[in-house]
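You are given structure tokens for the same protein chain in two forms, set apart as structure 1 and structure 2.
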Structure 1
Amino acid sequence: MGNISRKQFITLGAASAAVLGLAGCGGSSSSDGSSSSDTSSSSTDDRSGNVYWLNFKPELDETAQALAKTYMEKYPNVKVKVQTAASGTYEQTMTSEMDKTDAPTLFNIGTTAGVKEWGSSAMDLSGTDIEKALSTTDYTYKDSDGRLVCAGLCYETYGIVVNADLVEKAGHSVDDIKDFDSLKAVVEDIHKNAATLGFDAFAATDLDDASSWRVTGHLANLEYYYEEKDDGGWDATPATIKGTYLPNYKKIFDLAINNSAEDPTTLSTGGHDPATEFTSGKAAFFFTGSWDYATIAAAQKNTTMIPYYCGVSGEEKAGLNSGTENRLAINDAASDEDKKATMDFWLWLVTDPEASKEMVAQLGVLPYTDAAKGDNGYLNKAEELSKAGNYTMDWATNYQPNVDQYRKGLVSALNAYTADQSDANWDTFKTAFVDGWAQNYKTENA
């Protein structure tokens, strides 16, 4: 009596499969939704086409999705899709997405290596509305034929963030810090009195994956920048570097690891959460950048950023490290309609008062003449220093060849050095830094 016949079983099975299938189809997560019923906000502009933006910056995803929706409501005939690659997987996602028939129309070319790889797929932006809208060409790249293949969406700056209040409490002033010697004096004094002050000088310089880039990517920039300055500028990754300023790098690295609450031998394990150390007022100095301004300003009211002082002559005139890995490019293989739609969308993002206000709130600054102005303290400091005639240290670190492997080599050497600060270990680091560059250049350009 309780047995069901074969026919009943098949009917039941098919019905449940159909229901499950429909349930799965309902509710999509991407933003290629339909236009809203509010037609009063639609423009009379008859824009049409497809825009597919493969976004590089995970922090921008929420804003980008919302702005895409707003744009589609304004221009119902334009379809905008925004997809964000997970952190550290942009290269992999680009490789697979560019192979498809509906490839991204708007993508990111962040470094000169990216120009070599994807520059031929990018449209030449010279003479277009985008080029005219830029406030500076500092954040653009040209390929070897002189084509303007990408333009910066935003830029960022990094250096040493200083908690001015804590420095005052220790009996010094941030204005006293003009070069490496003055920095060293203040830092060592704070570290010596850490017990009585209740805070230490530098936050932990961790070497785990979460933090190692602060020293293998950003701090290393000072070495590459000064070498680049000696060479008169790099417009492509040089095959070899000399490591002339490694003694300067060592000065500031040693200062950071030896004047902090954490024992240097524990840095290879990491996990000390230096960001929280700084925001909770337990450390006065921290290697980070303008992207952290909002988080830091919410906890510590009076912070500022100083350059990487490392004992180079003339560094009183040093500025902050400004540059970007966020540069947009338009896919040359897309149809003319889609290319125009993409360029119009890009222009709207950076010049429309409402849209650019939301973008700048998330990104800090947009290097476009008509973009809204932001209130990021560190970026404003960068602007202030360049106006005062200080030299901006550009992101020579973007030229690192075969970035992931090269930086892992540096981390491995620094792990050994922090465990035992011997000359032999520093020599291994020098080999990883200089010869590793040459070797990785060869691998990347084989």
Structure 2
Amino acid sequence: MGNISRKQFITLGAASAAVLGLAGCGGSSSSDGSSSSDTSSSSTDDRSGNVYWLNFKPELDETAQALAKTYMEKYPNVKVKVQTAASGTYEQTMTSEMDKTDAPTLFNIGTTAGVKEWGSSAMDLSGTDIEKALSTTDYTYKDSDGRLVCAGLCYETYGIVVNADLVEKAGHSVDDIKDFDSLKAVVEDIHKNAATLGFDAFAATDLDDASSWRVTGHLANLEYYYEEKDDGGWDATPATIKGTYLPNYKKIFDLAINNSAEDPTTLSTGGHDPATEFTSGKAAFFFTGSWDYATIAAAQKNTTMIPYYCGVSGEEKAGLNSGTENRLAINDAASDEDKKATMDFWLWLVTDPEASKEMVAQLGVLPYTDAAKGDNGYLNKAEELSKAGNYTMDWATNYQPNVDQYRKGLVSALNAYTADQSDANWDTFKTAFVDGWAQNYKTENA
């Protein structure tokens, strides 16, 4: 499945700051398809070529730009360009950029669907210094021919972030939240008393492009994970899903949208800035992940992360959602010089003591032996739960077929439901979730 095992997760540790997805790119010329052995990393300072890094996550842009500048100062014969795609537009941006003469040399392949779409554009990393630098192969993907087309950049975890101080101020304790019923009791009590407390339960669950991924990608993982578990594990994207755990998804989604300061009917247009609602102390609960740890920790000193409690039997032993969509690939159509320059830059990002320290501060755990270590409270929580015997919820959401179109269908149905929480509108969402999967699977595999 490509996700880390519980044992391997414990070995990796839960280190560092906020995760963001990342992908790189670089200006390039056409390639003669040379072997990967021709692109081993440089062992001298005599480096040249062009790197065009198409960054996957907007939150990483500032750090990515700064590191590119530092690298060019260190190696003046190398040109590094970083372009960051706007939130929710990476696939669209990459499709446009890959058609250009100076196409990205470093880009992101995050899912199995991405391997089908872009694997043929990626060079084989087998036997290269990138593969040798990895501390685990759990975040790599191979194509149908066995070519290693991408390797993980970082390791992430997500769930429900909780402001423990606010929960205590409301007369409760995070330690009392052990399943959906106990979560519901705390959330509804905070919402009922929001006017007196000066804060509400959940930050806004916006459904615009900047935030919809929190529920169409991440929260949806609870349904996929438990269904996959029932099926004995997925080795590839299934042609159909049953939607067995959609009632559980509905429980936690309804809890969030109906116990917030924001009117559910306004969520479709977004713009409420849920991150700021949480960091400013206006909300006690927030759907997010380890990539936001640094920002949150700077504003709120006592936060933690809890699982997606949703009423599933045995969920008191649930852990956090852990995996990655951040897998880098090198453009096989780039010149030999630019492929070499790109690999050197990638290696520098994840093995240089200072550069990798900055990457860790933004991304969390980097699965490379020589990467700097860090400290991320949410990753630490994932490790703590795992060590206690709680099951880790792997990223089954990575199997979503034709992912952009599939999620657009989910957003459209959720917009109708939040505007009018009727059974009929929820049935429309169930259709988008289950039938939409099958339809997009056919489209992707036509």
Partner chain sequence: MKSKAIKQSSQIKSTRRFWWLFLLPVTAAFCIGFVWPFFQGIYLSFCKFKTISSAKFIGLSNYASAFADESFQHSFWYTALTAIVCLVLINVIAFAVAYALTQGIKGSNIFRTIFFAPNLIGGIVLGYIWSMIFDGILQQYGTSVVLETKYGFWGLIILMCWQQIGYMMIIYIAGIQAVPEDMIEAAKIDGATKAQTLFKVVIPNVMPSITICTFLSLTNGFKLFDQNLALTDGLPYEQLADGSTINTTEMMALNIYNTFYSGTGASRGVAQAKAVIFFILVAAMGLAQLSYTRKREVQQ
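Quick caveat: nothing in here was measured; it's all calculated off a predicted structure. One-based numbering along structure 1's sequence throughout. Rigid core (definition): largest C-alpha set, two forms, superposition within 1.5 Å.
Novice: Does the form predicted on its own correspond to structure 1 or to structure 2?
Specialist: Of the two forms shown, it is structure 2 that corresponds to the form predicted on its own, while structure 1 does not.
Novice: Once the larger rigid part is superposed on C-alpha atoms, how many degrees is the smaller one rotated between the two structures?
Specialist: Rotation between the two rigid parts between the two structures amounts to 20 degrees.
Novice: Let me know the CA shift of E73 between the two structures in Å, rounded to one decimal, core fitted.
Specialist: After core superposition, the C-alpha of E73 moves 9.9 Å between the two structures.
Novice: Core overlaid, W346 C-alpha shift between the two structures, how many Å?
Specialist: W346 is displaced by 6.7 Å at its C-alpha.
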